[in-house]
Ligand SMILES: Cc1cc2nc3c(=O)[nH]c(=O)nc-3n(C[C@H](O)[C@H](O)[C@H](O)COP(=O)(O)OP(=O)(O)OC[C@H]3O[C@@H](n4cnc5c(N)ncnc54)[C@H](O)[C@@H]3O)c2cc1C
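Form predicted on its own, single chain, as structure tokens, below.
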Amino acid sequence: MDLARLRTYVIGGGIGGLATALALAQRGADVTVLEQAPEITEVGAGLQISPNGFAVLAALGLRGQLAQASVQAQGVSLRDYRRGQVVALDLQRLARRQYYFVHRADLIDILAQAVRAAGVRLRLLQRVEQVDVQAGTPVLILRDGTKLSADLVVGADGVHSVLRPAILGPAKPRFTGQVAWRAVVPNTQGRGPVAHVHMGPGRHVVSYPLRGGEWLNVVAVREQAEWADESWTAADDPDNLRAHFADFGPEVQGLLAQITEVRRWGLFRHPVAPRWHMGQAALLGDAAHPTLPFLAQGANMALEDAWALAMMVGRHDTLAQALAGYQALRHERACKVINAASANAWKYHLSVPPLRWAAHGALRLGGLLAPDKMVQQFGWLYGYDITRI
């Protein structure tokens, strides 16, 4: 198809939306990003770019920018919540050794600069209220009543996507009984480029360096019966977080003591969309397959989706063929990653002491005797390169 005439609207100016806009624009498409916020930005939180996500950023021409703005990881240290280190997984053994810790705001800035340079229009303060995909040409209805028609609409607008219900009907997410907190604190502990995962009964805390090692990203997860809102921006009292993790060891206490602002959100299971497209509209990233944060793959999966969608549009003569090919390529992979992430929560949160001691002992022994084998269990995830398909 003639991509130069493919008038495309991408709903959402996050990582997935901007990467999609860039990948399509680099192939010649006419792309506009509609973002409801007053600026393209992301508030304080870190994320992990694993080799599968890095492959997309490199193919988009952003290898150097990402490396400069991030911390290259050297390992993951799984630790008992009170007693210390359990086992280290050396990420440098992974394919291409490209694993990075990066602040979300920095990655958003890199992508935003790239899409502007590629000729993509970024329209801010554009809240899409409804998308009509029933007719031949999709129509987007904005809050102010403006109607926009498009040849292709991409919903990269997260778990509260406005496009997803237009394709699938109302969503029915299920609260997992888990709540997460996130914060960024100064790296006063002098931590190096290693992620620490402190695992306790029904809880865990992940921390890793950002921005040249000057800061530490902290994510804490706790199992609880009380429902919590599914929002990344809801503030909580840091004392509540400290009370829930008061029995964790000195390293975690040192981190929590520094927190002055913290965000809390409930973790919900959303089913992977059985259908990712309808007519000339397609879902992408969390809008299609929200994942729990236990494998650090949310951003990486959105990057894979972005490349796959643009690749399929570039390879096929019709949008119908392209969107069908996109879903066929991505659906099974998304399900596998999401199931693996869900399984990690159980591993991190073992509550029965004898079971926890046995599991941690096995991890420690495996790390000493067969470190390569432990790393290879993630080969299917990190060794996957969507840009080479």
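One-based numbering along the sequence shown. This is a predicted model, so every value here is computed, not measured.
The following text describes the form predicted in complex with the ligand, which does not appear among the structures shown.
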Response to the item:
With a 4.5 Å heavy atom cut-off to the ligand in the model of the complex, the contacting stretch among 311-319, 239-247, 196-204, 277-285 is 277-285
Worksheet item: in the model of the complex, which of the listed residues (103, 270, 79, 182) lies with a heavy atom within 4.5 Å of the ligand?
Response: 182
Practice prompt. Scan 162, 148, 133, 259 and let me know which has any heavy atom within 4.5 Å of the ligand in the model of the complex.
Written response: 162
Worksheet item: Does residue 158 reach the ligand in the model of the complex if we count a contact as any heavy atom within 4.5 Å?
Response: yes
Worksheet item: Hey, in the model of the complex, does residue 98 get a heavy atom within 4.5 angstroms of the ligand?
Response: no
Worksheet item: residue 56: heavy atom within 4.5 Å of the ligand in the model of the complex?
Response: no
Discussion item. With the partner left out here, check for me: in the model of the complex, does some heavy atom of residue 298 sit within 4.5 Å of the ligand?
Written reply: yes
Worksheet item: So which residues in 4-30, when you check the ligand in the model of the complex, have a heavy atom no farther than 4.5 Å from it?
Response: 11, 12, 13, 14, 15, 16, 17
